[in-house]
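Next comes just one chain, in structure tokens: the form predicted alone.
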Amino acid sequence: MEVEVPAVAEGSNETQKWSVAVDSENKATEFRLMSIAKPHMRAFHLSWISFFSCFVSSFAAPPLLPIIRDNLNLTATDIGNAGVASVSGAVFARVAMGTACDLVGPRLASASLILLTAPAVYCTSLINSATSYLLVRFFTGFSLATFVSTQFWMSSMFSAPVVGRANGFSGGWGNLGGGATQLIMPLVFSLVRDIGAAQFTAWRIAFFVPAFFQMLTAFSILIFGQDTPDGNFQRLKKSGQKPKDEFSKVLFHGVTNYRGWILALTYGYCFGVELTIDNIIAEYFYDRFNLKLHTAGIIAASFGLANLFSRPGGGFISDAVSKRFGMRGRLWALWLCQTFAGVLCIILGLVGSLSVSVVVMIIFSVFVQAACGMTFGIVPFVSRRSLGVISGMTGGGGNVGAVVTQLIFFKGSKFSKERGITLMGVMIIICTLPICLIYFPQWGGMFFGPSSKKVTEEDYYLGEWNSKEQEKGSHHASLKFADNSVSERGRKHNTSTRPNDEPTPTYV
């Protein structure tokens, strides 16, 4: 049962009613998974479903690859190039999406990109060469940038104590599309073929399903979505509740924050690895163990479908350790989880038994996807002013990792797929090490505590605004965020180190 809680939005004389408890920014301080109440939980469901549809579209081709490659006479190099193209397009699209979210809001940014990329999915049914196959996968892959708007949206709707699980569930359930499409596309293909279509025609018709689904989610966002708890960006800017920010300064404070670059690197070897596996795993089991297409698809689907609980679990664990150990706990949890995922990836490439490979792959999927959820338990705290840019950099890093990994290990015939998987595990372990370099002066890092200079949350987040901007009041949102992120000090320091003269935030 949902209880409506009255609250007064800043800059408004109207009393609003919330279906969940909120903080001073009107962000939800609780996460009710089964609710669809506006605006918090409705935004959650719209975000993950739309991202899910983009994942289905972007990885609709790999499950049908044994059929498509025969129809188009694709070589191993052609397939490898297309796999790289499918994730490389989103590298810059994700960075651009982050900036777009900062400036126009996640609702318009995500819906626009989904509608712009849907025609590429439809056009897949018309391709007739290796070049056209590469191009449609490249342009369809742009839609994966909706991940950034998903995480931005959740960080705008949910407060520090629950933002990890909100980001984990939205990203994880969206990533389910990578597993679901391994089941959906072979099933749709079989149904179309059984109706009477020829095999080389049936796979083309099948692509109309993900294309239509993708468009449907975009219109749902535009009709039912809302950027923030207080309203859409456009209305808030017109009313003066949200000051207009300068693109150059938003971008500057994002790209000059070294923590964002480290998270981009480490995310390249959790989410980037997940994208790589989505591209190769069905073909790997089909070829190495001589399985039927449908059987290989079911096994491959189990990797992506683990996102149902693994990535949300990572976000939940990140929030849980933060309650006791603060930000330092979030960093340690991410390093341990991702490093163990690298060990499992090495083992996956070494085992030669079908049953053992399946078991190791499933356990590996749980840890690598949980690491993705833990990453975005940290991202919202790197920068308040440039949250979109940091989210875009991190998300783009995931795609860069996928591109680099596929170019090195899975393009052409230089390495066997099993050898490539083993070496990919080694890279995961190495590229996870820089997490130990992330340090927040107000909270500390993996090996060192908070700065001896008594840096507070306000000092850190208000450092993104100069004195003139603060005189105009542009920093008020950052001030509220700083107050609400005190919980990242951990249980030991959360109450004992708060200055007595600081006002206590109003919770509604």
Partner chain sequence: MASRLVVVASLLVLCCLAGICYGKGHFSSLKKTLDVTASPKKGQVLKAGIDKITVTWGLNKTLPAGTDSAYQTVKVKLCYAPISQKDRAWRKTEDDLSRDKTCQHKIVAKPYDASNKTVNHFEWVIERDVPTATYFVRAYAFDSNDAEVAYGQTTDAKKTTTLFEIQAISGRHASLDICSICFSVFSVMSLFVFFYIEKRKGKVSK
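These numbers come from a predicted model, not from an experiment. Positions refer to the first chain, counted from 1.
Not on display, but discussed next: the form predicted in complex with the partner chain.
Using a 4.5 Å cutoff between non-hydrogen atoms, Thr256 does not count as a contact of the partner chain in the predicted complex. None of the heavy atoms of Ser190 is located within 4.5 Å of the partner chain in the predicted complex.
Not displayed here, the partner chain is approached by Phe219 to within 4.5 Å at the level of heavy atoms in the predicted complex. The shortest heavy atom separation between Ile435 and the partner chain in the predicted complex exceeds 4.5 Å. Not one of Leu387, Phe409 and Gly463 is positioned with any heavy atom within 4.5 Å of the partner chain in the predicted complex. Heavy atoms within 4.5 Å of the partner chain in the predicted complex belong, among the stretches 399-407, 149-157, 195-203, 135-143, to residues of 195-203. Comment: the partner chain is not present in this chain, but in the predicted complex one of Phe92, Phe212, Trp261, Phe252 has a heavy atom within 4.5 Å of it, namely Phe212. This chain lacks the partner; the member of Ala76, Leu423, Val343, Ile430 within 4.5 angstroms of the partner chain in the predicted complex by a non-hydrogen atom is Ala76. Contact annotation for 55-71: residues with any non-hydrogen atom within 4.5 angstroms of the partner chain in the predicted complex are Arg69, Asp70, Asn71, listed in sequence order.
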